[in-house]
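Next up is one chain by itself, shown in C-alpha cells, the form predicted alone.
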Amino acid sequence: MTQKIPLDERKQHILKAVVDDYIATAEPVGSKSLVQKHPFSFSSATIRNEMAELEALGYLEQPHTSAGRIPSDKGYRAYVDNLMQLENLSQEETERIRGYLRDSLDELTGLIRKASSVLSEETGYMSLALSPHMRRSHLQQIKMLMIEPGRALVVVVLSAGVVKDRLVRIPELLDANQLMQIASAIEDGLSGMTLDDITLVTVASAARNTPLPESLLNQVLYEAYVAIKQADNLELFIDGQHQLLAYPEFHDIGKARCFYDTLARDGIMAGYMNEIKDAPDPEQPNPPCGQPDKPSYMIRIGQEIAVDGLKDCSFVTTTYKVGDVIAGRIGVIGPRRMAYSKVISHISFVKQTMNEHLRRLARGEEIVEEQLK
C-alpha cells in the first residue's frame, strides 16, 4: 500500500505541516496559521496557492468555504507513507510498558489482555488484541476438576502457554477420582499432539482402558474433546472504547452510535483482524521503535477499512509471534486524525516485548501450574 509521494518538496513540507497541525488541534488549518507556526521561507500567498493545488490533487479538503483545509484520506496516506517522523520511546515509557506486561508472562491469554490494556492507556485510543490460532500448538496437560455432582471444569494447557477452561456437564454417577483417571488417561495418550491431529477417535482411544461403563465414559470423552478443540477459538480483547469519546470526531451522536454498534456485532472485528494481510515482517529479533525499512505494521485510513462504521477512523495493526508458527494481532483504532507517530512507536515496542516473552513461552520456560490448583 506504501507509494512514493508524487509531490515536489515544497508541497510535501506544506502537507506535512497541515497534517501535524490538524492532528494537534482538530481545527482546519489556514495559510496564515502555517506561516505563524512554521519556519517557511515563502509567503502566506504562496502557501495559500500550494494548499489550493493540494486540494485539487485530492490531498486536502475544505470542510467549509471560509474555513482552512484538513487532510483527506489520500493526504493522511501520503503523510504516513512518506512524511511522518517516528521517535523512539523514552526510557520511562519502555520501562513502564515492560513492567506492566511482566506480571502476565506465565500465560499467553493474560499477556495478550495486558498488551491491549497498556496500548490503550499509553496511546489514548481504543486497542484490540486478537488471540492466535492454536491449531499447531501441542497439548501439554488436561485436567478435569469436579465442581459438583453433574458439573466439572475441564482445563486445557497448550505448549504456547495458553490455558483454557470450559464448564461441562457430566453424568452425576461419576466422582472426582474417576474424572481424574479419565483426564490422566487422555493426557498420557495425547500429550505432545497438535490440536489439528486430535480427533474424537484419538481421545476415545487414549481412554479406552479406563475402567468405567462405556455409556458414562463416552459423554465425558466428548466433553473433553470439545474443550480441547475449543482451545483454538479466537478471542478478541478490546480496551479503551471510552477513550474515543474524548475526541471531537466522536461527539456526533449518530457517528458514535454507528461505531459502537459495529463493535457490538459479534465476531465482526475479530473476523476483520483475522483476515488482515500484513506487510512483510523485517524479522528483526529486537526491532527499533523507529520505522524500519519494511514496516512490520499496517495502517488503514478511513475508506481503506472494510468495516461499516469505521470510515472516520484509522486502524494500525501488527502481528506478534509465538515461535515461528502461531501469530495473533494487536491494533489501535482512533480518529483519522490520530497521532500516528505515537501509536506506531508504542505498538512496535509492545510487539517487540511480547515477542521476546512469547519466544520463552514457546520453549516452555515460564508455564506454571498455579491455574490448575
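Residues carry their position along the shown sequence, with the first being 1. Everything numeric here is computed off the predicted structure, so don't read it as measured data.
The form predicted together with the DNA is left out here; the points below concern that form.
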property	result
Residue among 343, 333, 51, 330 with a heavy atom within 4.5 Å of the DNA in the model of the complex	51
The DNA in the model of the complex: contacting segment from 67-75, 263-271, 94-102, 136-144, heavy atom within 4.5 Å	67-75
The DNA contact at residue 32 in the model of the complex, heavy atom, 4.5 Å	yes
In the model of the complex, residue 306 touching the DNA (heavy atom, 4.5 Å)	no
The DNA contact at residue 359 in the model of the complex, heavy atom, 4.5 Å	no
All of 10, 45 and 62 with a heavy atom within 4.5 Å of the DNA in the model of the complex	yes
